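Starting off, we have a lone chain in the form predicted on its own, written out as structure tokens.
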């Protein structure tokens, strides 16, 4: 097990390194020079040429990548913080430290001061949504899978499919119309600030509801399929014939085996809840990671996009590692020497 985890951690490092090469190369070949992106669209050509020389932005791409990686690792000073550039970029952590993600031209502050706050806000939103998605999916999936083809199965399956088919923007508009306009019980935006009559908790209700409505039906369908397959196994029929109660059969014999395949599906939802909540955060003006990424893309903040991409890749690889470990623990047939 330890050897397997160590190997996957090495793979994580290699994947992140390869992703950084791809992201850096794409950003370098995007329209506009590095100096122009740093100075903004209204800088003169003389200023752009002067900054290009100071940043050595006309060096070959591999050399620029190594320099960027050195700044990220804290090996060399961040050239953007050199007072001679005239950019007035300042990082309170200094010009050389591990994890230096650069400077955001959109927010006019270090990327670390922007991205982690936004990621934390999205983590709160995703964590609350996940706390509802898991039990709802298990209840719907288990009840449907226990009685395949029954009225309960058809009703729950239809409801799951219908809810999953509704786009996030549509459910957002519907909930806002119902609970904000017709029944003014909840706020229509979620800026996460204490203002007026709306508490922080009330601002989270509608965004969380949208994510739960959109996502739990898909997971419930996966659990149902796995549950149907498990309920047809000989050991389940044997347990029933021995006179065990349905509750004991489900909880002690069927549920664990039925969750082996959906466990990976559940962890994959973490990627969606971290980087795929752009629509929800935009509709409710939620200061999260997805909205930040959209704003950075529209503004052309390449540094922030690079950092957000690397974080997204890290989350994806880590959740995949956790999924593999969980699959091994749930399935006794899998052994790693």
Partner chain sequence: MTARPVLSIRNLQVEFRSGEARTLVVPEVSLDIMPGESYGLVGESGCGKTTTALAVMGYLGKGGRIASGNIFLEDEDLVKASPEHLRSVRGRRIGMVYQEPASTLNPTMTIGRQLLEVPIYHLGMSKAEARKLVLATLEDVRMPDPASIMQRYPHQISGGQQQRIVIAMALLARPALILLDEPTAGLDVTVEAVVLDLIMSLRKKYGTSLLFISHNLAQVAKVCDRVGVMYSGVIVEEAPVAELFGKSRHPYTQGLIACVPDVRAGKQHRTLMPIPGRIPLPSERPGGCFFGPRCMHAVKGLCDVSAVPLVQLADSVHAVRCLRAEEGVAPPAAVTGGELKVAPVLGEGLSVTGLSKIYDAPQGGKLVANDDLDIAAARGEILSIVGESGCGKSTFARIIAGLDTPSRGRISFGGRLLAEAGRKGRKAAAQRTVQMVFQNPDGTLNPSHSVGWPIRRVLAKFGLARSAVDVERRTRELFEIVRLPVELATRRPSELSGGQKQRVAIARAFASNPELVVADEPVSALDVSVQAAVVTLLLDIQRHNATTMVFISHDLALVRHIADRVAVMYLGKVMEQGTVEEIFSPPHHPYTEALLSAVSVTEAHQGGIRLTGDTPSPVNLPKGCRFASRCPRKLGPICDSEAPPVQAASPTHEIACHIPLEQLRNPPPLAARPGSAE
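Residue numbers count along the first chain shown, from 1. Being a predicted model, the structure only gives us computed values, none of them experimental.
One more form of this protein exists, namely the form predicted in complex with its partner chain; it is left out here, but the text below deals with it.
Although the partner is absent from this view, residue 93 stays clear of its partner chain in the predicted complex, with no non-hydrogen atom inside 4.5 angstroms. Interface membership of residue 82, defined by any non-hydrogen atom within 4.5 Å of its partner chain in the predicted complex, is ruled out. The closest non-hydrogen atom of residue 246 lies within 4.5 Å of its partner chain in the predicted complex.
Heavy atoms of residue 257 reach within 4.5 Å of its partner chain in the predicted complex, making it an interface residue. Remark: of stretches 131-139, 161-169, 68-76, 235-243, the one touching its partner chain in the predicted complex is 235-243 (heavy atom within 4.5 Å).
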